[in-house]
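Below sits a lone chain in structure tokens, taken as the form predicted on its own.
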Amino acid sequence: MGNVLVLAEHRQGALRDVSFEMLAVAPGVAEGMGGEVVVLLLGSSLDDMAKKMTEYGHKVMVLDDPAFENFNGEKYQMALSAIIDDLKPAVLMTGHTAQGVDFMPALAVEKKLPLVSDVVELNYEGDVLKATRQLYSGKVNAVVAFKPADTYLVTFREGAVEAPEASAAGEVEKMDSPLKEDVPYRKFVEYIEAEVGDVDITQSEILVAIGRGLKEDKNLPEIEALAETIKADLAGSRAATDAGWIPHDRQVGTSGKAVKPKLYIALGISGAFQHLAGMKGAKTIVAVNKDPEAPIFTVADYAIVDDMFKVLPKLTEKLKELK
């Protein structure tokens, strides 16, 4: 049986989006391998999260142990090593997150298993598991084949796909904790939430985002005028925050924040994969860039290929008329 084991990630009692996004990919792989999808939850007091995961129609295995109340990469590695021996999954998927990249490489070395990290697509074709990774800031997709192994390890990029809709009720199965000893050399101290600035862009319904194409801060008033017209909040790429044009808490991307507004207007942003991962959840994406090959256009619903400073005045004027 080629079961795909998906490790659901959670933080402060809430499931992370990547937990559901992996469930958009895992069923196709499991079907090709002749197995099923099994969701694994590690933690403490997991009843509500387990119930939520069963809404997607898969078996949910719950390892409820106070030792896993807070994330500890060493404990996760020890537990998963024993679980691989016990369940023998064909594939183990985790998110390509601070948690996933903490323990998965060490687990791969310990178990001598192949690992492909930061995967955006996963397929089983002709008895070969193939993973797609992005290179050169998302300009090139590389399809790599795993060497034959009993279990394949994958870390899946956040925001690479949309989470599926809840479909059917699955079942919950409790499992005993394989952790028999503490990890004295690594302990959880405290969880510190990053401070939220004057605007929390993760909650914004409309975002106007700027990138390197702004060129200099004296051009910012034109962007602000557009944002004010449609009651949008300002955000931007890493280039914009590094330049000091907008605060760092307004950065969108893997090293910033993941946003899901109803409307996302990207101005002068080429669309490195780190930025795309943070904004692909937007319902409608409008991109303005003078480079017709800019990666941002691969996800845009509406694309304007032109100098943003030619487009901005006309766009702002038209929106004022519509308002």
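Since we're looking at a predicted model, the values are computed, not measured. Heads up, when I say rigid core I mean the largest set of C-alphas that superpose within 1.5 Å between the two forms. A residue's number is simply how far along the shown sequence it sits, counting from 1.
The same protein has a further form, the form predicted in complex with a small molecule, not shown here; the description that follows concerns it.
K.L.:
Answer yes or no: in the predicted bound form, does the small molecule come within 4.5 Å of a heavy atom in every one of 81, 89 and 100?
P.N.:
No: no residue has a heavy atom within 4.5 Å of the partner.
K.L.:
When the contact criterion is heavy atoms within 4.5 Å, does residue 70 count as touching the small molecule in the predicted bound form?
P.N.:
Although the small molecule is absent here, residue 70 would stay clear of it in the predicted bound form, with no heavy atoms inside 4.5 Å.
K.L.:
Quick check on residue 301: any heavy atom within 4.5 Å of the small molecule in the predicted bound form?
P.N.:
Judged by the heavy-atom cut-off of 4.5 Å, residue 301 is well away from the small molecule in the predicted bound form.
K.L.:
Looking at the partner-bound form in the predicted bound form, is residue 237 within 4.5 Å of the small molecule by any heavy atom?
P.N.:
So residue 237 counts as contacting the small molecule.
K.L.:
At the 4.5 Å heavy atom threshold, is residue 255 in contact with the small molecule in the predicted bound form?
P.N.:
Yes.
K.L.:
Choose one stretch from 55 to 63, 264 to 272, 38 to 46, 25 to 33: the one whose residues place a heavy atom within 4.5 angstroms of the small molecule in the predicted bound form.
P.N.:
So the stretch in question is 264 to 272.
K.L.:
So the small molecule isn't shown here. In the predicted bound form, which residue out of 138, 213, 159, 95 has a non-hydrogen atom within 4.5 Å of it?
P.N.:
None of the other options qualify; the answer is 213.
K.L.:
By the heavy atom within 4.5 Å rule, which residue out of 204, 155, 77, 251 makes contact with the small molecule in the predicted bound form?
P.N.:
When the small molecule is considered in the predicted bound form, the option within 4.5 Å is 251.
K.L.:
On a rigid core superposition, would residue 243 pass a 2 Å threshold for CA movement between the shown form and the other one?
P.N.:
The answer is yes, as the C-alpha of residue 243 shifts between the shown form and the other one by 2 Å or more after core alignment.
K.L.:
Any chance the CA of residue 293 moves 2 angstroms or more between the shown form and the other one, core superposed?
P.N.:
Yes, its C-alpha moves 2 Å or more.
K.L.:
Once the core is aligned, please say if the CA of residue 104 is shifted by at least 2 angstroms between the shown form and the other one.
P.N.:
The answer is no, as the C-alpha of residue 104 shifts between the shown form and the other one by less than 2 Å after core alignment.
K.L.:
Just say closer or farther for the C-alpha distance from residue 255 to residue 13 in the predicted bound form, relative to the shown form; it changes by 3 Å or more.
P.N.:
It is closer: in the predicted bound form, the C-alpha atoms of residue 255 and residue 13 lie at least 3 Å nearer than they do here.
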